[in-house]
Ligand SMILES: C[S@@+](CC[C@H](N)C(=O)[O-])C[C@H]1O[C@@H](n2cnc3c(N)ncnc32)[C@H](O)[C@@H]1O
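Just one chain follows, in the form predicted on its own, and it is written as structure tokens.
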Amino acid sequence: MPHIITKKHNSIKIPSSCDGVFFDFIAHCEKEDKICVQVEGKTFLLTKLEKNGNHLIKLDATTKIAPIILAKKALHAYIALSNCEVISSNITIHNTKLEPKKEYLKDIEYFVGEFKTTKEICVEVGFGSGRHLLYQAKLNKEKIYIGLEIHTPSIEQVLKQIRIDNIENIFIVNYDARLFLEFIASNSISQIFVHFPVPWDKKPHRRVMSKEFIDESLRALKIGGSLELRTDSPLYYEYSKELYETYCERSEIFKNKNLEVSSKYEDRWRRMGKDIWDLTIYADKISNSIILDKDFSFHGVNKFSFKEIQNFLPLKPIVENDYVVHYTYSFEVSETKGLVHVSMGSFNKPFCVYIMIDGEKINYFIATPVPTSTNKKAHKLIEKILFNGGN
């Protein structure tokens, strides 16, 4: 992440600009400052904090920006305006390491508003080393494969392999599969693969497979499309078998079925003589289209000062059945204006965002939450807390 370390110095004057970089405001809290920057039409934050008797200025993790050169431009402009003494910096170092191309790594927002294709779509949940995903994509170049994974090293490994093999029909997404399907059009997917998911035998509520996931899969699948589970866990097998028998009209079960390609994980268990089960269900009806509710506006007039809001915000995370709201930090711009940092939505991948309080107005700052069902529930709770004084 681009950053500079400097001798301790005073804050820059606000507002100010340099070389096409505009600094709008500074929001303060006890431990750090957030500096609002605008570069080439894009807005993001820099973080300034004290470290080992010096100042560290870096790109704010929540308001990520692309391309990263914009953050470097902002830091260069900050140095010029503050006239600070730079101790160390990584904003002029050129990385010569060969990096995987990221054009096939997509944010969830891409699938919310931009993703369109006339090709057949297949989805793999938790692709791990990517053997199965890469094999299928190379074998079926006329199809689009979407790979979902939350393990960063696995994502980087597969992206490198995509470049080496010159594969052009894979999209990689770092996102919770249980929420991802909410954005996929009804009757649009041919196959969904869930191979060797974490069994979570002691925490079954965290399993990918559930009634909700099955319902969402069957909605997204075309008629005849399939949801294929492959597992070596007897408990996961029994659990999923019961779900299939309860909620699905057509299913198939195989034991120790040989596939054309296997994962390293599967090879290991086969050498140990472990059983592997395949459970497949099929969609057999047309599903209604979905309409995403993207309205995350705050409906009401704020009647509290920013200081009052800081005092009544809950200090501990609010944990509900399927979502969480956690107010982490507040940053004051003035007596009536400030930012509140919030984690909201899914337990496994909460959405981090800033809320701007500006007099009577409240709105999300820079980024709006992704319209998942859990984020919508969290938003309603946030709205209730802010407009009702924490009650």
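If you're wondering where the values come from, they're calculated on a predicted model, not measured in any experiment. One rule holds for the numbers: they count along the sequence shown, beginning at 1.
Below: the form predicted in complex with this ligand, not depicted.
Only one of Lys307, His151, His205, Lys141 comes within 4.5 Å of this ligand in the predicted bound form through a heavy atom, and that residue is His151. This chain is drawn without this ligand; in the predicted bound form, the residue among Pro317, Gly300, Pro234, Gly126 with a heavy atom within 4.5 Å of it is Gly126. Figure note: of the listed segments 270-278, 290-298, 111-119, 188-196, the one touching this ligand in the predicted bound form, with heavy atoms no more than 4.5 Å away, is 188-196. By the criterion of a heavy atom within 4.5 Å, Glu182 is excluded from the residues contacting this ligand in the predicted bound form. A residue is said to contact a partner when one of its heavy atoms sits within 4.5 Å of a partner heavy atom; Glu216 fails this definition for this ligand in the predicted bound form, lying far away. For Tyr244, no non-hydrogen atom is located within 4.5 Å of this ligand in the predicted bound form, even though that partner is not displayed. Although the partner is absent here, Ala177 lies within 4.5 Å of this ligand in the predicted bound form, judged by heavy atoms.
Contact residues in stretch 240-270 (any heavy atom within 4.5 Å of this ligand, taken in the predicted bound form) are Ser263, Tyr265.
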